[in-house]
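Next up: a single chain in structure tokens, the form predicted alone.
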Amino acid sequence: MSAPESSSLLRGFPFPFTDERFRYSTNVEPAGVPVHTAAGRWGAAVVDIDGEYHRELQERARILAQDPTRHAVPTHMRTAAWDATLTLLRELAASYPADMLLTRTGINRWRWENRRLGVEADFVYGDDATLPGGPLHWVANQVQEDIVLLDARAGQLWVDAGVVTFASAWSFGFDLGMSFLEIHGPVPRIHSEGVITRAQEFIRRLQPHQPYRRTNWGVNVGRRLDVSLERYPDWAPDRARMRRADDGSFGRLLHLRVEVQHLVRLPDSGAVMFLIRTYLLSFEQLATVEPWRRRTADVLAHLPDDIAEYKGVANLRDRAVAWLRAADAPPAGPAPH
């Protein structure tokens, strides 16, 4: 995937580090409140459309065509899938009224227009046959977010449906049907520190029409969005090659990967919609924003080894820190006489 125009990326990038030291926390906050950064702002909408819209949707369509298992809606989650679809359409129409229009045309009947994609659809809420591929598949091809639907039973949350094409070192197909606690088993420290238990209880208490969000981060080689475990043979060698990259290539290829994750209690089904929107910014671009350059170098330098390993930066950390700190060095001038 080629890099888009730099200034646009910087303006909307959700820089994740609020302190020089990183530690796991639930770090949730109310959604829809803009966050101002050193380069611009982000977070005004639950569903974010940016300059990567068409490119990322083309990538999603390609992945789904090659691997249909990235979309799953078991029978007991059909109501939640429709609930999620209508919720997303309402969010789009409210946030982008010049391009998105949702109109109720009768009892359970709706008309949708997405002018950015040239999509028009008349559908009956609850009737899968009225939307090609089913509601969740159809709406996932109009948002850049991955969609995961969580159901509650036996006192726990379970990953029971979704469309996930841009997973970061995990597998939607493998995790489908697992509990929230089981899925987060490999994450260091969050169990011993009680983070994941608090997170589950927070999610279970969510109310409709009160969405929350959090950020997550890692590192990425290149602009590859699909670094799922299914595609491990494709992307794993990239990290080894990075150790041999020259300084110019290193900053261009290594990316900070940030997920903005929204938690939305769906009003009709009671399920929780977990949206994951992925943003990528190369270290070369990140270094042009001085506060980000310094903060990222400090965070990586002080990252505990187990977290560095989980974040995928352990083998590149020392060089990444050195590269970021060297990016501050002024160009060499003429030799003194």
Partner chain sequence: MSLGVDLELVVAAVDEPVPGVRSIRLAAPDGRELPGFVPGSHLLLDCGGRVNAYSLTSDGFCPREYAVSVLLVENGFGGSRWIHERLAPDDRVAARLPRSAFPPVARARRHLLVAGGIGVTPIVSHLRAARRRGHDVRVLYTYRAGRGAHADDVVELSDGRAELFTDRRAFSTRVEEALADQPLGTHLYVCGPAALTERVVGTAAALGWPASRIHTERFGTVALDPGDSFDVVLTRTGGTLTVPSGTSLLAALEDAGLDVASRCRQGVCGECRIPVTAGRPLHRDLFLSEEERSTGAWVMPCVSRADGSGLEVPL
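Because the structure is a prediction, the values reported are computed rather than measured. Numbering follows the first chain given and starts at 1.
This protein has a second form, the form predicted together with its partner chain, left out of what is shown; the following refers to that one.
- Heavy atoms within 4.5 Å of its partner chain in the predicted bound form map, among the stretches 219 to 227, 232 to 240, 103 to 111, 251 to 259, onto 103 to 111 alone.
- Between its partner chain and the residues E309, D268, D50, D67, the one pair within 4.5 Å by heavy atoms in the predicted bound form involves D268.
- The listed set D151, E91, D175, D128 contains one residue whose heavy atoms approach its partner chain in the predicted bound form to within 4.5 Å, identified as D151.
- By the criterion of a heavy atom within 4.5 Å, G133 is excluded from the residues contacting its partner chain in the predicted bound form.
- In the predicted bound form, no heavy atom of R244 sits within 4.5 Å of its partner chain.
- Its partner chain is not drawn, but in the predicted bound form it has no heavy atom within 4.5 Å of E120.
- When its partner chain is considered in the predicted bound form, S171 lies well away from it, no heavy atom lying within 4.5 Å.
- Here the marked residues T79, L86 and H209 all reach its partner chain in the predicted bound form, each with a heavy atom within 4.5 angstroms.
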